[in-house]
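One chain comes next, on its own, written out as structure tokens in the form predicted on its own.
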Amino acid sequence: MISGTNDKIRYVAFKLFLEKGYEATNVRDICKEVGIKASSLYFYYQSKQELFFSIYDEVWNDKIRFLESIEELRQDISPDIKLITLFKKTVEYCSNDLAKQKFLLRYHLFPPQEIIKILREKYKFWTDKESGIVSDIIQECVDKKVLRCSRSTTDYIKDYIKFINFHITEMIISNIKISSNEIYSLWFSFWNSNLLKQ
């Protein structure tokens, strides 16, 4: 259920930004679908750009908050278990709302010229936060000699991020969620062929 004018504005704007794109969506379209005058929207947001980035940041912030809340990552368990848990929970989180992941993918692949500079800065900010979570676990794997290869922590992080992003993109394109069995199968294949390779 959507309650409140601001919630309705954000819901409609998200839908239009996702379906039509940033350039093809205007304040008039949003207001018409919400059933308000432009002045009502401008009470909440100074511009279409501010509304867009408010939604963009919220999508990213929700994901980072979720990743930081994964209880197993704070437990005293083997770091390789933490890493597979992070992968599993991330896939499950993304598959529960593919529209948000599709929104991010659209604007990362095809950034509108009008907002490209800010979008790149925000993308770096949020992906650095995500990489930080991965980095802590990878570093723990290296410190505890779970990963014995002579590769850098940065290489491990890059491999992991590519791996998870590939499977999230696959889910978006195919609109098919990855099952629990597939999650484990994909992980062990990746672990043995990528992270443990000499």
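It should be emphasised that the depicted structure is a prediction, and the values quoted were computed from it without experimental measurement. Residue numbers here begin at 1 and follow the sequence given.
From this point on, the text means the form predicted in complex with the DNA, which you will not see here.
Contact with the DNA in the predicted complex holds for all three of 5, 44 and 48, each having a heavy atom within 4.5 Å. Proximity to the DNA in the predicted complex, defined as a heavy atom within 4.5 Å, holds among 153, 169, 69, 26 only for 26. Out of the listed residues 40, 61, 139, 165, 40 is the one that sits within 4.5 Å of the DNA in the predicted complex by at least one heavy atom.
Only one segment in the set 29 to 37, 61 to 69, 140 to 148, 126 to 134 has any non-hydrogen atom within 4.5 angstroms of the DNA in the predicted complex, and it is 29 to 37.
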